[in-house]
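Only one chain is included here, represented as structure tokens and corresponding to the form predicted on its own.
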């Protein structure tokens, strides 16, 4: 059974000059205990979709079911407080004049008839879940950013909701703390088995946390799948470019077989993974991830090998990031930290056929055009 089912959701609003469609025909089916992420750039509709699920926005049309019960339709609008949800906002929204205990207890004291002992027990359980028990008597103003984030999460979980909604809760943390909280958040979600909908523009967060991802652009879902599918099998240039770093090489399909797809490009002939949808003569793009490109000082024996010159070499600890000029085009590559080429060095770039994803040119451009239209509308 679906925990959340969204069908043809639309939400529009008026500006001075025109009507903007923030959410456009979005349909999603989110299973119980899933960690489902809405991923996309600013203005793509992900937060508006989350707010419609929460009841903080009234959509223009479409329907939303939660646990089999309709909460939004043309004739039904269940208010937020009657939806079995907990929500964590980007700015945490903790009450500075309250203690940690009172912040977490607040949702249990509103509209509920729970005894003090029950409230105390639930608060202690929620704080223990987020490793905040030792701060129970501290004032919220005495907490660090990471502690406030945990406090906000405890307050969302104390009601023991069926659905947890997270609106970019890690964006205000520094890089090290964000990485730590990513792991803790996923462990907590797995431990209590709660359906979670997570909004972020950070592709690392989406890939590492999610069971499934919906990539959004221009108010629409442009691809939905597991993190591995989204990263390794993007269906458009927008997805390939937004989810991870990618270099694109334009070309035309020469021949196709069950074993390989061959493209002619400005850099030369590319042997790529097969794609039955791309026929000979079709304009296409080869999408190359940096980690799939092997940089050497001698020609390789892989399917695709091209000579180039290092434009930029950046040591980043676990590896070296390169920009390499190949035939007048700059390709991004990731090399080993143990061996580093310097700017000006002549090198060879090698790519295995299975690592070369091919996108039809019209399909590759569709999401880009859609995003540009929405950006123009916002301006």
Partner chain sequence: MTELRVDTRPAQPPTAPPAAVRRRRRLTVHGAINIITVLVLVYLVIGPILMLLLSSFEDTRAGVRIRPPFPWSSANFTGVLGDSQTYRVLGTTVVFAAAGLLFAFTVSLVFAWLVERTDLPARGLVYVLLVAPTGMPGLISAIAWGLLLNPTNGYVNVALHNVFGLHGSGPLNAYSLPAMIFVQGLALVPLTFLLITASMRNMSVSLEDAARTSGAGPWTILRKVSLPLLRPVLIGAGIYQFVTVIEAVDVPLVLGLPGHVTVFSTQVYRVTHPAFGLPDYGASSTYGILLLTLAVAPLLIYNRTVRRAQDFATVTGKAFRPRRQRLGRWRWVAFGASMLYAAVSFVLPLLVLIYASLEPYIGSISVSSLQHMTLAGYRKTLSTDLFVSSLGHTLVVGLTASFAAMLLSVLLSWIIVRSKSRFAWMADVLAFIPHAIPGVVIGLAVLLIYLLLPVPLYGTVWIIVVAMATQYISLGTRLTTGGIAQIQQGLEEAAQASGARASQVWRHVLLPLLRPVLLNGFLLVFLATIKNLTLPLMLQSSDNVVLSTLIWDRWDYGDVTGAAVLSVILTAVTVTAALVLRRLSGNGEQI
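Heads up, when I say rigid core I mean the largest set of C-alphas that superpose within 1.5 Å between the two forms. Numbering follows the first chain given and starts at 1. Fair warning: this is a prediction, and the values are worked out from it, not measured in the lab.
Beyond the structure shown, there is the form predicted together with the partner chain, which is absent from this document and is the topic of what follows.
- In the predicted complex, the partner chain sits within 4.5 Å of a heavy atom belonging to residue 212.
- Using a 4.5 angstroms threshold between heavy atoms, residue 74 counts as touching the partner chain in the predicted complex.
- The closest heavy atom approach of residue 32 to the partner chain in the predicted complex falls within 4.5 Å.
- Interface membership of residue 28, defined by any non-hydrogen atom within 4.5 Å of the partner chain in the predicted complex, is confirmed.
- When the partner chain is considered in the predicted complex, only one residue from 239, 85, 288, 130 comes within 4.5 Å through any heavy atom, namely 85.
- Here is the short version: of 276, 145, 96, 193, the single residue with a heavy atom within 4.5 Å of the partner chain in the predicted complex is 96.
- Residues placing heavy atoms within 4.5 Å of the partner chain in the predicted complex fall in a single listed stretch, namely 50-58, out of 347-355, 315-323, 50-58, 330-338.
- In the predicted complex, the partner chain lies within 4.5 angstroms of at least one heavy atom of each of the following residues of 190-220: 212, 218, 220, in sequence order.
- Residue displacement note: residue 10 has its CA displaced by under 2 Å between this form and the one not shown (rigid core superposed).
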